[in-house]
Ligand code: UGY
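In structure tokens, the next block holds one chain alone, the form predicted on its own.
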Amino acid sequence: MSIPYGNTRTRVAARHALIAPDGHVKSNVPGITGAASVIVINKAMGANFAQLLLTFEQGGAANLPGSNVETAGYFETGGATLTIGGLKKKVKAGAFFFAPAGEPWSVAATKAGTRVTLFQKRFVALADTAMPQAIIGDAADVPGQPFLGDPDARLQVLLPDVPAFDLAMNIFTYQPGATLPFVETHVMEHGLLMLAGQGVYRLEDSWYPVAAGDAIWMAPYCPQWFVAMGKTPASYLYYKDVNRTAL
């Protein structure tokens, strides 16, 4: 999408943000080499998690030690070898993964142009509940379920919806003209990446045209709504925090 010189679609407000690709600036992230790393969302914005976009060169790598941070990731393009603790697999576009807190993980032997989105947060343990386990999967193997009965708005739940997990990562796909059925207002915080298509996202009292490559941050209780527009389906990947006590 062409942007006139000196302008941007990016908007950063107190409780939401739209980050358009035209303003991306690379950061040096420890443990990541041979990649353009963009920290799209993090605590400096007011968020309680981080969202990163990594675009790898041929043979780039990520090597992250075990810590109190857990990571959910999605391969938009390309491919690599992914290792989480003792789990190792060659992956391609559409692959997703979860690296639990305490487990080292790595991405190696990347193809040129491999793009990976990461969501990272500090794990919150739940009493008398086992730690979540590492996952490597493929979104193509996860069926899309009609959202609240609407076959034109389908939700793929990528991570298990069980108490052990304190985060969720999903893909939402809308046919042209399909919408969220109502303006949502909830305690869960969101990080979002538009994967395909275009539409309009309402965040609080602002309405934003969005397209593939855009990222969005929604703070807890930020009113939100989406409509898919254009002639092709629109889809987005999103994170939310889940399954923990209200206090």
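Residue indices: 1-based, along the sequence shown. None of these values were measured; they are calculated from a predicted model.
Form predicted in complex with this ligand: not shown, discussed below.
Within this chain, Y201 lines the site of this ligand in the model of the complex, having a heavy atom no more than 4.5 Å away.
In the model of the complex, V69 stays away from this ligand, with no heavy atom inside 4.5 Å.
Although the partner is absent from this view, F172 contacts this ligand in the model of the complex, with a non-hydrogen atom inside 4.5 angstroms. Looking at F147, you'd find a heavy atom of it within 4.5 angstroms of this ligand in the model of the complex.
This chain is drawn without this ligand; in the model of the complex, the residue among A47, L180, V29, A61 with a heavy atom within 4.5 Å of it is L180. The stretch in contact with this ligand in the model of the complex, judged by heavy atoms within 4.5 Å, is 217 to 225, chosen from 217 to 225, 48 to 56, 34 to 42, 204 to 212. Looking at 219 to 240, the residues that come within 4.5 Å of this ligand in the model of the complex, counting any heavy atom, are Q224, Y236, Y238, K240.
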